[in-house]
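Encoded as structure tokens, the following chain is the form predicted on its own, with no partner shown.
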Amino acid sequence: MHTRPIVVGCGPAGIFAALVLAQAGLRPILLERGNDVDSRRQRVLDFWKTGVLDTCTNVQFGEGGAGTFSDGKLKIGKRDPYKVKVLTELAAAGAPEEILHIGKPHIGTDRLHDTVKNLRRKIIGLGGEVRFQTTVTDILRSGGRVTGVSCIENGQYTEIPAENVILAIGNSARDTFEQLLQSGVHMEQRPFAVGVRIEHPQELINRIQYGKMNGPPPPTAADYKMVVHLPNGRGIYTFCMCPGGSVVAAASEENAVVTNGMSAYRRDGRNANSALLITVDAKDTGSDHPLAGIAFQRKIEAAAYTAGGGGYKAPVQRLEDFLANNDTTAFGDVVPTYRPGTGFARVESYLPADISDSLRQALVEMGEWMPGYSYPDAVLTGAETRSSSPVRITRGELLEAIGIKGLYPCGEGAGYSGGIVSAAVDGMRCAERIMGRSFDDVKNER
């Protein structure tokens, strides 16, 4: 190659794309708008403490991507060489070795930080380069082919030549989506999900799932997963359940409240939490514009900010009050873990009424499936809006963006994966396209 390949975004898709390219000797340049994971962690903790948001370095942006502040679940399903490669590299970088053989592997946010850092060191050791505080502003091209990227690096405009660019920007890079659409990159609206976080006492979830316990506490905090299909056609499901975890402030834009869930490796916190999500599409957004889903998300996030009382406080409501259409005036025995604080508000104050009503119906049904789940003092915290991308950057059979040779939309933000493992695999597949050879090719050669 005449130029080094560029990877935009340092989440799982970007990291594993860069790692595979580096292992092939192609010396990739990995660009990330946020900070390295150590600086990022400190800025996130400062935000949770003070309510002062850094829009470039936060739970969404920075080394490791949004998954760094999560439970670190590794959805495996059917194992294949790509998934084994992901697990092997994660374990070699410091993730728990048990992820190689247990049925429901997870890393935990506390173990993810060092794991991500070690992957970066490996990329650099193989000749790659990682540049933080570098925001890509445009994909340069000529004659339908990529020629490089323009970016703002530490406040300075610069251009970097490249024949191949992997675009692994994550689902919160809204300014990048807007710029790409304006410059003619083809994209489309896709279904996504919105909802709330629900918190229960972890001891309650353990008792529901394990039954009455007379001996020592169970070795693993219990989890759960449920899906409800309502007569109105809506589907509601639990997502990213975090045993012994906390609900975290995950905003990346000013005057907006976004929630996510996070657990440490030991999962030993007092509360359990999970997202309760409902799928939405163009019928809900009211438009078929490619970015209508982003506008829909922003409206909910801004309403949640106002409902919570400002300062990135999140609106909360007791489950019993939500089901009875009553205001909440005091907590029961479940105290929300969200920081920098909360304010009492009805779910309807930030979610559309039909979505709120569907959540209410689903919670009643979930309480029947899982007796005890409709715990009166459970807390609903909003809003959960970033579980999946509302946009898909369309690509062809060779994984290149439609009409742009050398541009590879990749991972969750581009609409082709969901979760750490699937995003990493998609990054690896895009790297293979650049290299012109796959795992199968290598296997056959051997």
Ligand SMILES: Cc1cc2nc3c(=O)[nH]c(=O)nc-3n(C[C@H](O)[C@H](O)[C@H](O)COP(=O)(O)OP(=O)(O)OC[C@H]3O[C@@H](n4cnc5c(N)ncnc54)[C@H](O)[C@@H]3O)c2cc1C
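Residues carry their position along the shown sequence, with the first being 1. Bear in mind the structure is a predicted one, so any value in this text is a computation, not a measurement.
There is another form of this protein, the form predicted together with the named molecule, and it is not shown here; the text below is about that form.
Asker: With the partner left out of view, is F47 within 4.5 angstroms of the named molecule in the predicted complex by any non-hydrogen atom?
Answerer: No, F47 stays farther than 4.5 Å from the named molecule in the predicted complex.
Asker: So in the predicted complex, is the named molecule close enough to A423 to count as touching (4.5 Å, heavy atoms)?
Answerer: Within the cut-off, so yes.
Asker: Does the named molecule come within 4.5 Å of any heavy atom of R360 in the predicted complex?
Answerer: No, no contact at 4.5 Å.
Asker: Taking the named molecule as it sits in the predicted complex, is F61 in contact with it (heavy atom to heavy atom, 4.5 Å or less)?
Answerer: Close contact exists here: in the predicted complex, F61 approaches the named molecule to within 4.5 Å, heavy atoms only.
Asker: With the named molecule left out here, work out from 254-262, 139-147, 336-344, 314-322 which stretch has heavy atoms within 4.5 Å of it in the predicted complex.
Answerer: Only one stretch passes the 4.5 Å heavy-atom test: 254-262.
Asker: Answer with one of V37, L399, L53, A66: the residue that has a non-hydrogen atom within 4.5 Å of the named molecule in the predicted complex.
Answerer: It is A66 that has a heavy atom within 4.5 Å of the partner.
Asker: If you check T285, S356, T176, T328 against the named molecule in the predicted complex, which one has a heavy atom within 4.5 Å?
Answerer: After the contact test, the surviving option is T176.
Asker: So which bits of 12-29 sit within 4.5 Å of the named molecule in the predicted complex, heavy atoms only?
Answerer: Heavy-atom contacts within 4.5 Å come from P12, A13, G14.
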